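There is one chain below, alone, in structure tokens, taken in the form predicted alone.
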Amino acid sequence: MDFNLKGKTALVAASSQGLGFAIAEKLIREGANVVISGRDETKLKPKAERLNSIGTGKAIYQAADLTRPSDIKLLAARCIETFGRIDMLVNNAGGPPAGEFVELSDDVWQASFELNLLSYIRLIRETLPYLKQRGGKILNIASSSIKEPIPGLILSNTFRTGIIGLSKTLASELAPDNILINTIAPGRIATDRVKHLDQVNADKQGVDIGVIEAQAKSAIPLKRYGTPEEFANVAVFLLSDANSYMTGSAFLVDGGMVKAI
């Protein structure tokens, strides 16, 4: 299937590793130009070089702290300065810390709000004028907690569901400009984030991380963690011209883990 991405440009937030980088890699293989971002410039440069070695599109990078409005403005400006257009926005951010309600201070709540919800709002606002020029796609990365709250992750459970409300509302507001917005939610995908959360649970229970992984896999119908590449395949379909009639929806990539309808 031709996704018709050649010559188009994607801004992928928080993409120096994990799911963000997997999406950037799939996009560049499909011929799109990609702007990757992250806080650590030393991580971004070799990742951009790798992307440029594997695809027909061009990759550049821009260091950005997504809690800073000025960095978000710079990120969009760098994209326009280099490619002259933005056709796709992938909203992504590092996951909030684990913890139960009584353990979390106002400062932690505020920091998580700014990173995991407000950054999405700001990125959409900053890129919207360019998306309106030709129509485009916005894809928000959330979590399976949008369907089924995850114990010990109250910050994620709260702010990820906020993304759903944002996306559903914007689907109607942006449709006249031919902008489609959707949410993609990973389950247990084999990333450093999931490994960290498994280790947190292992430490809390006083067991080896292998025990936690085995328990998690037993609850997944496919009996394994997904790969970042499998997640990226779905993401790029939603960003491409192959998706022409889905907006305001949320899609789980979870191997059947979530039991909610």
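In case it trips you up, residue 1 is the first one in the sequence shown, and so on. Just so you know, these numbers come straight off a predicted model, no measurement behind them.
A second form of this protein, the form predicted together with a small molecule, is not displayed here; the remarks below concern that form.
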query	finding
One stretch from 232-240, 26-34, 59-67, 210-218 that, in the predicted complex, holds residues within 4.5 Å of the small molecule by heavy atom	59-67
Residue 186: touches the small molecule in the predicted complex, heavy atom cutoff 4.5 angstroms	yes
Residue 157 within 4.5 Å of the small molecule in the predicted complex, heavy atoms	no
4.5 angstroms heavy atom contact with the small molecule in the predicted complex for residue 50	no
Proximity of residue 117 to the small molecule in the predicted complex, heavy atoms at 4.5 Å	no
Candidate spot 16, 191 and 194, all three touching the small molecule in the predicted complex (heavy atom, 4.5 Å)	yes
One residue of 45, 224, 204, 39 in contact with the small molecule, assessed in the predicted complex (non-hydrogen atom, 4.5 angstroms)	39
Listed residue that, although the small molecule is not shown, lies within 4.5 Å of it in the predicted complex (heavy atoms), from 86, 141, 123, 181	141
